[in-house]
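Shown next as structure tokens: one chain only, the form predicted alone.
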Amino acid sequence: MGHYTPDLSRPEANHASLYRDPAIFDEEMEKIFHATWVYVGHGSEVPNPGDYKTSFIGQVPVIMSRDMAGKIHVFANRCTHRGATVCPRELGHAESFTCPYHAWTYRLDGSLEAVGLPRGYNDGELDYSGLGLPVAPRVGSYRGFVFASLNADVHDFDTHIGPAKKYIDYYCDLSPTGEITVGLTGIYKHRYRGNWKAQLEGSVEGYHVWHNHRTAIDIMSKWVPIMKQYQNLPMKAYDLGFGHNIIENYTLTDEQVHERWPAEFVELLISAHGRERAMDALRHRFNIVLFPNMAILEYHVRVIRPLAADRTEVRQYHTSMVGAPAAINQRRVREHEFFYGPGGAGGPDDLATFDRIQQGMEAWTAPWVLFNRGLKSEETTPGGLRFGHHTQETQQRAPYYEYRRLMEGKAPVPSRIRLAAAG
């Protein structure tokens, strides 16, 4: 085992040790997942006071809860006494969180409310104010998507999410109310034997589509005819900064919009948002990655959970458009199942490929993973965003500019809980 060094990653290639070395994996958790903004959930998953969701920041278990005043909090799912998690469920409703071991009980904002058998503590041994669940020092959200950081000194959230806002707006504006639900209409959970970065790269992979998903493309062309020309479409992929990136899958003309969507739905969105904003939402289909653990695809929010250097869990939270006709949301379910379901025509192929990638990483005689496709022809927008054709690899290179910046820096100073008895 080794540690990350700058010679292991460069724009055109990564060393295979980044995908298989447990020591580098641990370093990634500390320098990336504990240092930057990480997606933890969506407001629609905790709509009412007392609702909660459990999630992870890297490998740190966290709870996202909504207090009685409606404010969202994110804190560690770890009793400050002996370390047990205080909430075992993924979703639910509670008035407080109680550790099963000694009944230490925490409020919805994470503060310590009570402990079991308090008379056993002498004066000065128990400081309620200093023994709440460790809170994430920074929490930010945009259109319901909630992110948190364990690093109090992380850059501000608006700067972090800035260039991605346009695409998140396109996505949410497919709802006539501008609101979506995440996961309420179903969650697919997959694990594969491979590194977390394989899914990060694969969520915006335009090069493989024509080869790995050829059968799916042939079927999809029945309802989106331009997919027959996927590899030749004049679509782009962009590096949005901070590791975020986006691939355009296709952009419809006004005529194609009306072929794709029922006239009543088009008019409903125009009435709700105005013609320009509605047509933007209806025209643009894309996949976007928000580094390091989240992607938004046409029908779902994808959350990447690193488990080990060679093990990853992926959760796909299906999304629904609040206020859209039932037939539109039903169609979104069926199209999602077609591609991403356990028997789907696309998603399972990707997971099988990730397994094979990890097997191949053991071939130490070929130690480099290449990302040089389109590097020489890559261009830059007037605003400074790198871009290339959507079947090239600008979007695969994008996360690694931020990866190298974080891995070559110092890990953030971890927040500490105060131990009153220890002083």
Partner chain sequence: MNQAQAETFLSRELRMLDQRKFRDWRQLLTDDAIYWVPNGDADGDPQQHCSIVYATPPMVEDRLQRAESPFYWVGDPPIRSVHTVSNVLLERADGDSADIACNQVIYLYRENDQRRDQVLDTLPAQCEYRLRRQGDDWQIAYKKVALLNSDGLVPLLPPII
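All of these numbers come straight from a predicted model, not from anything done at the bench. Residue numbers count along the first chain shown, from 1.
Same protein, other form: the form predicted together with the partner chain, not shown, and the subject of what follows.
- In short, of 49-57, 33-41, 353-361, 374-382 it is 353-361 that has heavy atoms within 4.5 Å of the partner chain in the predicted complex.
- Contact with the partner chain in the predicted complex, defined as a heavy atom within 4.5 Å, is made by none of R66, G92 and T98.
- In the predicted complex, none of the heavy atoms of R285 sits within 4.5 Å of a heavy atom of the partner chain.
- Remark: K222 counts among the residues lining the partner chain in the predicted complex, judged by a heavy atom distance of 4.5 Å or less.
- Within 4.5 Å of any heavy atom of the partner chain in the predicted complex lies no heavy atom of R107.
- Looking at H190, you'd find a heavy atom of it within 4.5 angstroms of the partner chain in the predicted complex.
- For the residues H336, H160, R138, R78, the 4.5 Å heavy atom test against the partner chain in the predicted complex is passed only by H336.
- The partner is absent here, but in the predicted complex a heavy atom of P342, alone among P88, P234, P342, G124, sits within 4.5 Å of the partner chain.
- Residues of 208-224 that come within 4.5 Å of the partner chain in the predicted complex, judged by any heavy atom, are H211, N212, R214, T215, D218, I219, K222 in sequence order.
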